[in-house]
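Provided below as structure tokens are two forms of one protein chain, presented individually as structure 1 and structure 2.
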Structure 1
């Protein structure tokens, strides 16, 4: 009887023990490790096709010579880069591009921040206003440039018609160096300020409400709330908008191509348009590729400085 009892107890213990999981074979374990890389392979191939290969090919072109007809005529080494640094036209284009970027992006960030503060409150009217404010960024830059080209026409443009209707003289928006430069900035601000507005508005609506309630209890004015509460917390978001718009503004081409063609003279010739002229009109592809690589380096340096500023301000 006792033997039967012990046998039953041992059988019960064996039944209660968890079943051992079958071990995977080495082949299955290796396939599991390779699966993420296999899934990412199409993305890597696409990235290499549309990004890495064109950059490497442009680097190859920048060290080659080209004749008048655009045919490669041998290895040039660093000659194209040396020609660029010795070119006064290049430095003028760099100055125009940096000044254009600094003014346009500063205005866009300032207006975007203030408009985001204005429409951040709840309400049906504010919702409609937000939709209206983001419409310009949905339009094609070429379409916007063509519309403003017609509007700024000296003789038949609607802007000069409105000025004359209130007794003011005509303005040659695109025919004078200063007004042409300011007109480009105006068009850029009109189209791309909504992007800054949208980014800052999203960050503003994600901020915690406790600091604002505490500031109101302490009797802080609206300006003090913005200065000492809103701005410090929004600084990383503002820097993100600043980096995105700076990288885009440094490559501005569409508005210049349609509105001014770099003129009058070279007053609005950005670096992108200068390199377009060198490659498409003069067939100097090596010079153009070298110049765009220098612009790429400048863009990386400026973006890195802005990101480091953001990280330093967050750790402070």
Structure 2
């Protein structure tokens, strides 16, 4: 009975309302609930296939024993993890990677910021410089490393030739622990300082003019303007550059592979290179997979910290 009246009422309503619009918008809403998930499904399947699935597989491998041919030979338990924790090479690689990242990224941001300040008011210099500075970061890090391998060669490299022609002694760029490490950072700065520059320049151009004019009227010096007006306003952008560069620098591999192979000794062995050596050269897949989990955990910690930092700087 009540059903009937409802039906009648809704019929009445449908007849009275001018368009079929209410009905239509209802189906639209319904499809709206399923459609986005339908559209996202292929993406999530693929992402799971290249991330979650391999990570789970690594978990399996990390608790197995592997012989020198890369075949598994029984359950190992936590042995591989114990090996990792006791391994000084592993912690050395973590240390090298963190030091490399900290040094390279801070130099890149410092130089990029100063360069951006220098050209931001000069339209012509800005356009040309932007056009040129795009080049390094678009190149394959591998190709860049190859060119520097040639230029840093002790005997025939152009860098030593230039040093000698102005009367300085030769530098063994890639042959000694400290210089090899610094050379890698130099190459990293060459390639990625431009990116920091471009990001910061984009931020500078988007800043409002008023605070600068106010500071000028108040008689602030150039340094004071940068320190108390530009920097605070630019902080969110600088943090974006910092986050992106840090994530990239933590995975440095190509340059190490070409320029130093982790050497001399283990002075430039980044975590990515150590994992490569353990797996592909020594076929110690169990050890490498256990190491991956520690790398994964460290990456998660660092990226969570960075993202918190980024969100805070953006909301402030």
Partner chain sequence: MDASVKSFKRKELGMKIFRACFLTVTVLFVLFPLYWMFITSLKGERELFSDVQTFFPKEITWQYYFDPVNGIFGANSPFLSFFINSMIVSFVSMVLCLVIGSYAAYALARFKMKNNRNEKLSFLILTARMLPPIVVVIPMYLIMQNIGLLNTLWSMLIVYIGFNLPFVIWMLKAFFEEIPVELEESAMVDGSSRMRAYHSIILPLVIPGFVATSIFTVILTWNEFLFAMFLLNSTDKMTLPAGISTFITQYQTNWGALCAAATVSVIPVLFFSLLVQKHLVKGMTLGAVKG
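Positions refer to the first chain, counted from 1. C-alpha atoms forming the largest set that superposes within 1.5 Å between two forms make up the rigid core. All figures in this text were calculated on a predicted structure; none of them were measured in a lab.
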property: Structure identified as the form predicted on its own; result: 1
property: Threshold 2 Å Cα movement between structures 1 and 2 for residue 79, core superposed; result: yes
property: Value in Å for the CA shift of residue 40 between structures 1 and 2, taken after the core is superposed; result: 2.7
